[in-house]
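Just the one chain here, the form predicted alone, laid out as C-alpha cells.
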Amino acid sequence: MTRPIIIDTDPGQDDALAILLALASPEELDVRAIVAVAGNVPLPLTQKNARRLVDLSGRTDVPVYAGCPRPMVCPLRTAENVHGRSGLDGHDWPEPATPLQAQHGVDYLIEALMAADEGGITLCTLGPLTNIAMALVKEPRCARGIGEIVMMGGGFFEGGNTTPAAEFNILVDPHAAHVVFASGLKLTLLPLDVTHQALATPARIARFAALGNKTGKACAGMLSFFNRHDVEKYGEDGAPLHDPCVIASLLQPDLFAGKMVPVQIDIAPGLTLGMTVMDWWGVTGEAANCMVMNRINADGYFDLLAKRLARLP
C-alpha cells in the first residue's frame, strides 16, 4: 500500500538525495508535497532548491511550498560552510521551471492534514521543525491527520555536530523541536548515532556517478562537494549522509534498529541548548515518546539509494 507523505526540508545536498529517493519510489510513497523551511541556507534558496530537485527528478506533479523564513524564537543559523553558497553546490543548477505555490507552507500543511483521514499522512522532516511546530500551534486540530513524524535530527552517544551537545536541525529551532516532541504524536528519530555510520565514501560516490543518468551525475557532484567539509572535520573516509535515512527507513525498515525512549529538548539558554536529551537507559521513569534509531546497515542503505536513483532521468 502506498504511504502518503509530505516532505519538510531545507535542501542541502543530503536533503537532495532524500527527496530524490522519495520521488524515485512512487510504488511505496505518495509524495503529496514538498515544503521548504529556512535552515541549511535561507528560505529563498531552500524553496528554489526544492524546485530544482523536482525538475531533475521529472516529478513535476509534486508541488513545492515555502514555509517559515526563520525559527520561532532564535535568530536564523545557516550552514553555507557545509553546503556552499547555494545550498546545493557541486552541480551546475539551472533556474527551476517548477513554480512555487502561492500558499504559505504552514497553511498548506494545516489544510492537507485537516483534509486527511485520521493518521493518514506521514511527515518526513529533513531540517528544522519550524513549519511543523507552527502548524501544530496555529491549528492544533491538524494533529489528527498525522500518522507519524519521521525526523532526521539530534544525537545522543554521538553528541552534537554544531555544538558539543546539539545537532544542527534541532539547534536551529529548538523551540519548534520542543513543541513536536511534547505533542504526543507518533515520532521516529534518525539521529547522528545512525547517520555517522552511513558514510558517503569515494567508492559509494563513484557508484552514483556510474549510474549513467543525469541524476547520478548530480548526486555524485553534490556529495563530492559535501564531503570536503566533513572529511576534514571527522577524519573519516566520507561525510555522513544524514537525511536520506528518513526516507530509507520507510522504504526498507529492516535497514535500521533502535528502541522507544523518552526524548526531551533542552530549550534553556546555555551550553546544552538544542540537546536531544534521550533517557536511553530508562533512569527517569518518564514515558517513552519516540522511536530512536541507533543502528543501520550502511551497505544496504547505499545499495537502496543507488538502485532507486538509477530510475530517475
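Quick note: we count residues from 1 along the sequence shown, nothing fancier. All values derive from a computational prediction rather than experimental measurement.
Keep in mind the form predicted in complex with a small molecule is missing from the figure; the text below concerns it.
In the predicted complex, no residue of the candidate spot (T46, M72 and N131) has a heavy atom lying within 4.5 Å of the small molecule.
A heavy atom within 4.5 Å of the small molecule in the predicted complex is found for one listed residue only; from A200, L126, A176, L109, this is L126. Of the residues given (V150, L136, L171, L192), L192 alone sits with a heavy atom within 4.5 Å of the small molecule in the predicted complex. The closest non-hydrogen atom of T276 lies beyond 4.5 Å of the small molecule in the predicted complex. Put simply, N227 is far from the small molecule in the predicted complex: not one heavy atom of it is within 4.5 Å.
In the predicted complex, no heavy atom of T188 sits within 4.5 Å of the small molecule. N161 belongs to the set of residues with a heavy atom inside 4.5 Å of the small molecule in the predicted complex.
Looking at 235-243, 93-101, 180-188, 201-209, the stretch with residues near the small molecule in the predicted complex, meaning non-hydrogen atoms within 4.5 angstroms, turns out to be 235-243.
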